[in-house]
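Here's a solo chain for you in structure tokens, the form predicted alone.
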């Protein structure tokens, strides 16, 4: 809607796990390198945790792109299934045909034959399970059986589990001690700090532009974005997308703090207020956007793009 106005060829702040918009903070760069090392060296089992919207899914989509034809990947997003259904989903993602009446033992035998063949032709088999905090203890025990698929020298299945921080509490269950011992790499993704967030916003704008984006964010605007988002990428995207829309509607290519406040107050749900006020216009923000131009101090206080 606003792309042409800002000289963009696509919306820069969509909340989809597009590897093209993967921004390498130091922690994301390190996590990606560790995951790639785990897979390519057939180490077995890696675990990634992080708050909602921290970039876990985008991280794994970037990994899949890097692996390319060197790996067969089973990507599981729906974890609210039975343990046997989980095995069927993994087989299906690999393109392995399994009888609808096959029991768990038959499924494991079929999967074992498949991963052994893939190793013979030089490919890794990777199972990526998103939303791991939704898995039950029984399902984790089924997953542990996959880590037992190995040759004399290598793990035949590389298992990557992503989840929110509460996943760590689940994994402390005594029944899962054998699974914990198989984790060779663990990483917890933290929200971005302010400097990373400003570079993140600039990166996405440039990546989405037709050469150079025709939009500027003032420092005060960036500080307002950080205050509300706490550096969580998903919230940063949501605020910035709304701020660009507000700027476009006001025919402004400067995203200042007034624009950001209006984007936050009018477009983001506020569950801390009353239900009647939840989606009502903030009179302060509304007045601010239509008031006199922002003082020159903010205009000059640090445009990022």
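Positions refer to the first chain, counted from 1. These numbers were taken from a predicted model, which means no experiment stands behind them.
This next part talks about the form predicted in complex with a small molecule, which is not shown.
**Q** Every residue in 15, 21 and 164 with a non-hydrogen atom within 4.5 Å of the small molecule in the predicted complex?
**A** Affirmative, all three are within 4.5 Å.
**Q** Looking at the partner-bound form in the predicted complex, is residue 28 within 4.5 Å of the small molecule by any heavy atom?
**A** Heavy-atom contact with the small molecule at 4.5 Å: present for residue 28.
**Q** In the predicted complex, does residue 204 have a heavy atom within 4.5 Å of the small molecule?
**A** Contact with the small molecule, yes.
**Q** Is it the case that residue 141, even though its partner is missing from this view, gets within 4.5 Å of the small molecule in the predicted complex, heavy atoms only?
**A** Heavy-atom contact with the small molecule at 4.5 Å: absent for residue 141.
**Q** Can you check whether residue 57 is within 4.5 Å of the small molecule in the predicted complex, heavy atom basis?
**A** Yes - in the predicted complex, heavy atoms of residue 57 and the small molecule come within 4.5 Å of each other.
**Q** Of the listed stretches (175-183, 87-95, 226-234, 117-125), which one has a non-hydrogen atom within 4.5 Å of the small molecule in the predicted complex?
**A** So the stretch in question is 226-234.
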